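Just the one chain here, laid out as structure tokens, in the form predicted alone.
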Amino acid sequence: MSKDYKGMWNDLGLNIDAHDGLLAVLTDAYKGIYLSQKGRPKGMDYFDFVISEVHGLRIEELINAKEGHRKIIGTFCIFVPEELILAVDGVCIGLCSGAEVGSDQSETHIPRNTCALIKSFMGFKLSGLCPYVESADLIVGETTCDGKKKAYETFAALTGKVYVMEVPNKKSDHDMELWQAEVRKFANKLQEITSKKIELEKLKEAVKIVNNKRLALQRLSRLRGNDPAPISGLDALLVNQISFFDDPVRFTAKVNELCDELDQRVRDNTGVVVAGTPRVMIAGSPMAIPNWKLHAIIEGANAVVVAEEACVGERNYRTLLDDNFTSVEEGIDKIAQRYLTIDCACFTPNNERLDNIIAMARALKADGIIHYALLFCTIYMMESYKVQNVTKANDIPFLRIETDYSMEDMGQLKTRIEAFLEMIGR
């Protein structure tokens, strides 16, 4: 980090000693996993810097925004419309949920056999380790699974600032009406806490900002379809993870700069691996910072990850928002329509996800698919069987992985993945 932020962290109420220990562990992990890679694009320097300052300069930026009377809106899920937050001059920020932290503390509030992501965000709060939670003026939850839904009740009691959006389980006309009503209520909540009215031009500007971010990530995804791959899966995952934390305009510019460099690599036939290296697509549960385990194992076994069919990945940026609206009310309805295109496993039925997985695998020339589900993430564990059936019907090799954030199963996962890669090797 560029300077000492301990005074800032202390003011936020963090556990300074535990936080220092966490940052030391993450710094060592980052050096071992990321900075040890060979042939990385120069454009990744910016994203390395963001990670080095993710609890430092970025938090300072949030505090400065608050001093400028902007509200910080923390989120865990891609169902929360960033466009509405930007339209009231708010800052949309992801929250800590990607590491095995504070398990003992979280298990005093929720069951031991709860998914790792839920235990993580509870543990980060209870251990005093997440400056984003402490900086947020409002934390927006959503009913995408029963575990989250009930955990948010406890999280609300702990933080006093949780607002929950109800996501329907189906996509009928009736469900769309319910979801549109939820999005309208959320817009009203944002106007209430910011004392700012959503204006048409401001909403259109916000839609443009978020769509441009999606377009940049789509561009990065397309570039990964080249053989040899111009960027590692680890680095592409990192870019996608940072999309939830960085300023969206700055982030978009830096992703496009990176993609300009990758375009040149493609023209020069330069890759981070040689042509013909086994290409893997990962599907399933989201991977929040610093959940890099699966990518590290796959690429450490001389393969390359070319896609993530996940919320931290294609599901987040696949669909642009229609900006052809002439009133705020029409714009909010279009926002609701766009977000209900997300093919989260919370929906039933969810056949569009199966179609999207096959389309992605074809477009990005994946040799095989690894379906990743966090332990006790019931909806993705259940859907993995449907994904297996559709991949078999399309002659795409498939491996199902269920794991958590711990390192205890590294050896077992490495053995299984190496056997899978041997099977799909070209």
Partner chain sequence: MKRGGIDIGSRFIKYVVITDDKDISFSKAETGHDPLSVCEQLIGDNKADKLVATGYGRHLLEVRDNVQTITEIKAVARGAKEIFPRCRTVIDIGGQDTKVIGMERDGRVRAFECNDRCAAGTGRFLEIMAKALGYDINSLGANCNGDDVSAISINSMCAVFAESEVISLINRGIKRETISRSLHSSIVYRVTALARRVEVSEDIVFAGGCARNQCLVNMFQDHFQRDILVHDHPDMLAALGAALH
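These numbers come from a predicted model, not from an experiment. Positions refer to the first chain, counted from 1.
Omitted here: the form predicted in complex with its partner chain. The next part is about that form.
In the predicted complex, at least one heavy atom of Lys392 sits within 4.5 Å of a heavy atom of its partner chain. Contact annotation: Leu375 falls within 4.5 Å of its partner chain in the predicted complex, judged by heavy atom distances. Remark: Glu408 counts among the residues lining its partner chain in the predicted complex, judged by a heavy atom distance of 4.5 Å or less. Taking non-hydrogen atoms only, Glu418 approaches its partner chain to within 4.5 angstroms in the predicted complex.
Only one listed stretch (353 to 361, 52 to 60, 396 to 404, 24 to 32) carries heavy atoms within 4.5 Å of its partner chain in the predicted complex, and that stretch is 396 to 404.
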